[in-house]
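Okay, here we've got a single chain as structure tokens, the form predicted on its own, with questions on binding and movement later.
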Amino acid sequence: MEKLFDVLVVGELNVDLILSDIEKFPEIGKEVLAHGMTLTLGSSAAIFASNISSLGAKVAFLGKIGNDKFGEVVLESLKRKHVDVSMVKTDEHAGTGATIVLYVDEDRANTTYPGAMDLLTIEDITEEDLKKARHLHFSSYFLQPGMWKGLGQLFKMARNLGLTTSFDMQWDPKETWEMDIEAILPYVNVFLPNEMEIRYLTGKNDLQEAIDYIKKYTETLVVKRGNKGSIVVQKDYLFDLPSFLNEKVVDTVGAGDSFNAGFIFKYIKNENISACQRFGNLAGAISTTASGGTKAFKNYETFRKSALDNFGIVI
């Protein structure tokens, strides 16, 4: 079967309402002022899909939204970035997810209404859906309880059909970090946690101990470290690559998802892992040059210009 898409993204869909230029986080019973506000496409999976499509990959999305204005914003945003939304499902009994982001300096606090994100299950995904793509990416495990029991099955089905796979579990709002590692990670080609997430998942305070615990379960482990760069581990290979530092950060919303987009964009082109890591670091840095997770990614040419103008990098 001819592949229609380079990447099928399965995951959560929501909008982000970002309140920025705040002097401090609010306290109970008190009020603070935000001098900036942005309504934009949110969710780890959607930011990844939008940005990797902007880089030039052919991308489709499978997820759930509500029949409401926020759902329209999600669909319109994805379509503008040439993401195929024919597999996005509308649920008449739930609203589209939304996240309120309070941004203070380079720190942020999020509050999320999951809405239709709760309702996506393995029954919503068919082999025919997967056969349309070369690669499967899934984000935000802990925000999608309907997928908890079926995610290992999804990755196994994808691998059996010849797809490569990537997974970014994201933060656990309940902070229980209950995930069946042995049922999921052996079917994941690229696992993309950040430094804090992998420590909590493994219960290890030491990063190297956390890496040693996880690396035996997955082919490629990528640990995102924010302004410290990233670490890539493949068997006995470990490479710690510093970040491209942006001295004029607008915000860091979606920087990790942008890293994922850059890394996987090179990965699906079968480039070596060091090239994937470097491009991931660059994509994460470029994300911080504009507000929201997607505004820095208009198309590949503007990405190249930003790389040169902001970081002196020629690509």
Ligand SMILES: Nc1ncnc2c1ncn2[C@@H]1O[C@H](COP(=O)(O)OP(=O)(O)OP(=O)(O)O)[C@@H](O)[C@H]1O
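Each residue number is its position in the shown sequence, starting from 1. Bear in mind that the values here come from a model prediction, so they are computed numbers and not experimental data.
We do not show the form predicted in complex with the ligand, though everything after this point is about it.
Note on the partner interface in the predicted bound form: the residue among K132, R159, R199, R225 having a heavy atom within 4.5 angstroms of the ligand is R225. Here is the short version: of T220, N194, T112, T165, the single residue with a heavy atom within 4.5 Å of the ligand in the predicted bound form is N194. Heavy atoms within 4.5 Å of the ligand in the predicted bound form belong, among the stretches 35 to 43, 278 to 286, 53 to 61, 262 to 270, to residues of 278 to 286.
Candidate site formed by Q170, F244 and D257: every one of these residues places a non-hydrogen atom within 4.5 angstroms of the ligand in the predicted bound form. Looking at G71, you'd find every heavy atom of it more than 4.5 angstroms from the ligand in the predicted bound form. By the criterion of a heavy atom within 4.5 Å, S230 is counted among the residues contacting the ligand in the predicted bound form.
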